[in-house]
Every structure is written in C-alpha cells, then in structure tokens.
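Given next, in structure tokens, is a single chain: the form predicted on its own.
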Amino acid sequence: MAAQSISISGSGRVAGGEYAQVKISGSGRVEGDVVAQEIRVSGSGRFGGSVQAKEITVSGSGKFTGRVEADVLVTSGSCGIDGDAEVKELRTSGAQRVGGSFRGHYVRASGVLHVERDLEADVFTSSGRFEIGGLLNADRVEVKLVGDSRAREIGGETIDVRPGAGFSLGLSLTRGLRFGIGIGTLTVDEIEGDEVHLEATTAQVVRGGRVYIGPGCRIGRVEYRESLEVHPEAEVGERVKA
C-alpha cells in the first residue's frame, strides 16, 4: 500500500509516520518521527521528532527538534535543526542552523550558516557568512567572504579563502571606507591543508604543503612543507619550514 500524503494550508497538527509527501503552506506541526519522500515547508512548520526524507525544501520557516537525514536539503527561508544532520547535499541561501554536528557530501551556502559543532563534507563552498563551532573538514573548502565568518578549525586538501566575487581586497577596502561598511573576514584558530590560499583571514596557526598568505591576513605562525608566499600587505609572526 502506497504511503499517503498530507497537506496543511491553514493551522493544523498531524501525527508522525510514513508519508509520500508532507506539505505545509500554513502553520503546521508534525508530532513524532517522520519518514517521507518529500517535505515542503513554505509557511511555518515544526517537526517534533526525527526526520528522514529524500528531499526537504524550506522556503518559509522550518523547525526540526530532532535528528534530520536527507538526500537533499534546500533552504531559502529560515531552517533550524536542534539535533545532528546528515544530508548528502545542502543548498542554503537563507538562514540555516544546526544545533549538533553536520555530515554530508556537498554544501553550498550563500546565506547564513551556523553549525554548533563539527561540519564534515567532501566539498564546502560559501559565498555568505558561516559560523562553525568545531572543526570544518572538507576535501575542498572554497570561501568567498561576504561579512564575517568563523570556525574553530579548518582542515582539508585544498583551502581557498578570498573576498567575495567582484571585489579585490583593495576595492573592498575602498568601498568599505566610502560606504562605512565592514569588510568580510574569516577568523579561525587553526588551518591545515595541502594547498592553502588565504586572504582577509586571521588565524593563530596555519599548516600546509604549499601556502599563500594574501592581503588582509594576520597569522601568528605558519608551518609549511614545500613553499610559502606572503603578500606585502599580510602580517605573519613565525615562519617555520617543516
């Protein structure tokens, strides 16, 4: 027997269970654990248990109080997950919060991303703002800074941090002074990778094979294995060839 679908367009509450589709365009609450093919929230939706779904789309306000597992999670509104999240592909252009740890394959964030603990992925790309309370670990980390971002540690094979698209650091500084706005920076305790390119980054320690420290950087100590290049407009304390 095929699973049924549910739709809440006004104000309503339904029990957890197994569904083909869960659609909330009004104000809805789902009690208990949910297994679904598709979940769509364009209004205000609250899920009281754990959630497993093929695809979750949140364009309104979504609140998940338990663990979330999904193949795809797309958020353009506000999405909060109190527990851990295991999502193969996360695409967020809104405000996404994870109260635990996040694991996935591909993360593309262009809004505001907050993960309380660790974030682990194959590819992490950001053109918005993010805050990772623990370790950001990905094979490839690509960051275009728009506003200030933070992580406790960043690790990966390739780590590339630059000012947002369309701005060199000089142009960003000029624009910032003209309009009185802050320039996006990344603040991290430690960064470690094979290929490391950093701009507008503040870190205590950077470790890598081939390392470039660009303009706007303030680094306490750099440990490199193969090569190190430091831009004249960067500040580096210690330089150590491992």
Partner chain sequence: MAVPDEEELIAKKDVLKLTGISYGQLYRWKRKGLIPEAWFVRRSTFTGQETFFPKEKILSRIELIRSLKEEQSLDDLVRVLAPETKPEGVKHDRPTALAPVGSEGHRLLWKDGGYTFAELVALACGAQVLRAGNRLAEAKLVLDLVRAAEALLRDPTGVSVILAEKSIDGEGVSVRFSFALLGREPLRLDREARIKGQLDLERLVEQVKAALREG
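Residue numbers count along the first chain shown, from 1. In this text the structure is predicted, and so the values were computed from the model without any measurement.
What comes next is about the form predicted in complex with its partner chain, which is not displayed.
Partner-contacting position among Lys144, Arg103, Arg150, Arg108 - heavy atom within 4.5 Å of its partner chain in the predicted bound form
Answer to the contact question: Arg103.
Within 4.5 Å of its partner chain in the predicted bound form, heavy atoms considered, which of Asn137, Thr92, Ser126, Ser78?
If I apply the 4.5 Å criterion carefully, the residue I get is Asn137.
Test of understanding: in the predicted bound form, would Asp160 fall inside 4.5 Å of its partner chain by heavy atoms?
Heavy-atom contact with its partner chain at 4.5 Å: absent for Asp160.
Taking its partner chain as it sits in the predicted bound form, is Arg117 in contact with it (heavy atom to heavy atom, 4.5 Å or less)?
Heavy-atom contact with its partner chain at 4.5 Å: present for Arg117.
Heavy atoms within 4.5 Å of its partner chain in the predicted bound form: does Gly155 have any?
Answer yes; at least one heavy atom of Gly155 falls within 4.5 Å of its partner chain in the predicted bound form.
Do Glu223 and its partner chain share at least one heavy atom pair within 4.5 Å in the predicted bound form?
Result yes; Glu223 sits at the interface with its partner chain in the predicted bound form.
Among 43-51, 22-30, 56-64, 206-214, which stretch has residues whose heavy atoms lie within 4.5 Å of its partner chain in the predicted bound form?
Result for this chain: 206-214.
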